[in-house]
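One chain is shown next in C-alpha cells, namely the form predicted on its own.
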Amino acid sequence: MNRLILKKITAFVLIWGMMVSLAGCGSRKHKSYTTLRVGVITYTQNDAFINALTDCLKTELKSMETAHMKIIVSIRSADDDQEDQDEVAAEMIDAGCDILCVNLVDRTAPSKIIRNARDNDIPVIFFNREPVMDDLMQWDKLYYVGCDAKQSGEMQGEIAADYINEHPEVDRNRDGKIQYILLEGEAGHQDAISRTDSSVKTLISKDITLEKLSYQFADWNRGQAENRMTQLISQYGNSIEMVISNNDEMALGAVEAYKKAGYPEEEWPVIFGIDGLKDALEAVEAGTMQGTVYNDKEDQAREMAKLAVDIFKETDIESHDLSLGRYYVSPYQKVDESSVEKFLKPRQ
C-alpha cells in the first residue's frame, strides 16, 4: 500500500470519527436516538435533600438503560443565582440535551428557561420548587414533580401536637403554653411560608396553646441554624420548649447547638423537622429529635426518570396520571419514634 493511499484512508477515518462525535453531541438534527441526554440543574449544591434527590434520580435513570438506549446525566448547580441557572440551561440546550430537569432558584422567574427550551423543543421537568401555574401552562412540554408543602406543615403540626399531648412534661414551666422557636427556610419562599403557616395552625387546631419566642431565617442550612439557635439559647435559656423547623437541616442545626451548649438532653426542647433525611431519621431514633415528615425523594426521582424516558421515546404519558397533564404530587409521610425504623431501611 503506497503512502498516498494510506494518507487518504487515515484522513477518512479521522473525518468519520469527527462526524460520529458530532452526531452524538451536536444539534438535535444529528441527535443519536439511542442516547438520552438529561440535564439536571439544581438551585444550589449545598442543599442536602436536593443532593439526595438528584443521587436517586441518577440511580433511577441508570437502571432504565437498555441494550438499545444509553442514558447520560449531567448535573450542574446554579449557586443560588437565577441568571446563572438561565445560562446553565442555555449551555445544556446548546450541547444537545434532550430533557431538562430544573430545580428553580426563583420559582417566579422560569421565563428565560421556558422560552429557550420551547424554541429548541426541549421538554422541561421542574422539580421541588413549583413554578407559578401560569408559567407551567405556557407550553405542553412543561411538567412539575414535587410535593404539597401545606401537607408537610400539617403533618408536622400533627406529630408535634400528638407528642405534646402524650408528654405533658414538654411544658416545663407548667404555664399551659408551649414557648417555641420557629426556624424558617428563607424569606418569601413559597414552601417556607406554607410549611410555617400550616404547622402552627394545625397545632392550634389541636388545642395546643403557643407562645412564639422568636423566628429566624436560616436559608435551609444546618450551619446557619446552629448559629441562630446558639444565640437564642443564650437569650432564652430553658424557656425554649419547642423548635419547629421548615426542614431537617435546620432542625439538625438546633440539635448541634444544644449539644455544644452543654445542656443535658432532658433539658432540651422538643425538635421537629421536615424531609426525612438520614441524619434526621437517626436523630429521631436516638431521641434528639421527636419527629420529621418524610419527603419521598425515591418516589419523585422514579417519576422524573420514567417521565423523562417516556417523553424521549414519545410514549403515551397517560399512565403517569398527571394532574392537569402536568403535575405529579408525591405524598408526605409522618415519622416519629414509633415509625422511624421502617424509614431507616433501604427504600425502593
Ligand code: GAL
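It should be emphasised that the depicted structure is a prediction, and the values quoted were computed from it without experimental measurement. Each residue number is its position in the shown sequence, starting from 1.
Keep in mind that the form predicted in complex with this ligand is not shown, yet the notes after this line are about it.
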Thinking of D191, W220 and N247 as the candidate spot, does this ligand come within 4.5 Å of a heavy atom on all of them in the predicted complex?
-> yes
Contact with this ligand in the predicted complex, heavy atom within 4.5 Å, among T202, Q179, N128, S77 goes to N128
In the predicted complex, the residue from D296, D47, E303, E60 with a non-hydrogen atom within 4.5 Å of this ligand is D47
Per-stretch contact check against this ligand in the predicted complex, the hit in 283 to 291, 62 to 70, 47 to 55, 305 to 313 (non-hydrogen atom, 4.5 angstroms) | 47 to 55
